[in-house]
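Next up: just one chain, as structure tokens, the form predicted on its own.
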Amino acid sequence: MSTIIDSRLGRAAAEGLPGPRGLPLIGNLHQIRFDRLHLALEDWASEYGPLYQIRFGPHRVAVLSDRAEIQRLLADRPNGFRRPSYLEAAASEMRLKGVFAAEGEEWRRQRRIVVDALNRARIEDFFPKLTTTVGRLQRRWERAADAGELVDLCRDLMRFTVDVTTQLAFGIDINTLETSGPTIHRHLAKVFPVLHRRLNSPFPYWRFIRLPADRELDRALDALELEFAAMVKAVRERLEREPGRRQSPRDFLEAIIIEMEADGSRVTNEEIFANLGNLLLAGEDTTANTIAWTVHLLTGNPDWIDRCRREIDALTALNSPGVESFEQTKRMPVIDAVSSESMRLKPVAPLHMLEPLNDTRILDHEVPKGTTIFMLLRHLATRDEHFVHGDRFDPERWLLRQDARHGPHDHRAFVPFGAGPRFCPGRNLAMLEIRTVLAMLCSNFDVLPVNRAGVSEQVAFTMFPANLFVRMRRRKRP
């Protein structure tokens, strides 16, 4: 007999679906630390199977870790499934309802502009500016190496990714790596922790009482509005000076301003702010944390650092600081294998949330429209049935031919950038940043971990390495 899960009303008993036993009123809230939510969900998946239920207060949530069903749900967007409606509401309240949280026709219209801003040709043209920013990061780490200072890897990488995103998407070089400059990265850091807490709260307390973190978020959003307004002003002035750009906009901000000024446009100032925030948040947190996780895994596997180094040394000129041409970034199979293995074991999005637009069936259970569904993407990618020795760091698995593998290697269980129509439009930029930074790092530095065992996984919407500090030492070349 099929089970009915109702996360909206919490009425159905769902006797046929397993899950951890909760308490009256609060459900399973007492068993969860929200900064480690993914770990609790993965542990329960190992115990209760590929589809189970939990309760956040009165709200029932379905938790899914079946590869075929997850692929089906991701592909059936935006017509059959959408991001949870409460995510859209939370993003609206935080002035961030851009392409990430938008749905339907509103999403299609905004995505078209974002995809064009991040297309392959534009990214290739941008490569010289990217290498300039990588050079700034290298000089920052050289100064830290010479002074014997600890390096806060996530902080430095977030400055780097903010600089890259603002240059590519907005045509503005803010250079937070070398100057005090705008404090965008500090304001952005306030967003994801509050969003994560609100999405998992059984009650919208912030609509009635503002906690210190909520007030701090309000101040950060106000500051971001001022900084974004200055960017918009600078781009408008650039369009006035160079009217030819109106026929061929060179970045996202130019394109969306031109569309806003067109007759019959539905673009608003609020939408511009939201999408600037979406692009910066996505470009900063996800890519920076992916590189940080990769470096962390490499420090525990020095043989793979050596293999990356040999690849880059063979690819570039003697004593080169790193890659020098866009073509070279296409010939890095070892670095790509290392980054793929890092994203498999330490994805910045270990779980994904959807809800069905209509009543549906998942693994022979009836799931009503509006039900929150957590999809465990990391749990999927680390199971032995999908990848041999799934819990091991083994980049070699990505370098072997199919006939040389001794066990499963299911690409369909590896979705670090999502799948289906809402596949991440920033994938090409992210991979280019990952390759160039890792190439620079391996070419120029030995990375010495500091309390490697103390690094832990934490989630604040994305998964990041807490307490990740290293020391850099200049590489001694033969």
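Model, not experiment: these values are computed from the prediction. For every residue, the number given is its place in the sequence shown, counted from 1.
Keep in mind the form predicted in complex with ligand HEM is missing from the figure; the text below concerns it.
Contact annotation for the candidate site: T290, A349 and A419 all lie close to ligand HEM in the predicted bound form (heavy atom within 4.5 Å).
Contact check for F81: every heavy atom lies farther than 4.5 Å from ligand HEM in the predicted bound form.
Remark: L429 counts among the residues lining ligand HEM in the predicted bound form, judged by a heavy atom distance of 4.5 Å or less.
At least one heavy atom of F100 is located within 4.5 Å of ligand HEM in the predicted bound form. C424 belongs to the set of residues with a heavy atom inside 4.5 Å of ligand HEM in the predicted bound form.
In plain terms, the part of the chain that comes close to ligand HEM in the predicted bound form, with a heavy atom within 4.5 Å, is 112 to 120 out of 221 to 229, 152 to 160, 112 to 120, 299 to 307. Residue-level contacts in the predicted bound form: of A282, A381, L195, L96, one residue has a heavy atom within 4.5 Å of ligand HEM, and it is A282.
Distance criterion of 4.5 Å from any heavy atom to ligand HEM in the predicted bound form singles out I434 from the list I434, L51, I54, L37. Although ligand HEM is not shown here, in the predicted bound form the stretch 185 to 203 places no heavy atom of any residue within 4.5 Å of it.
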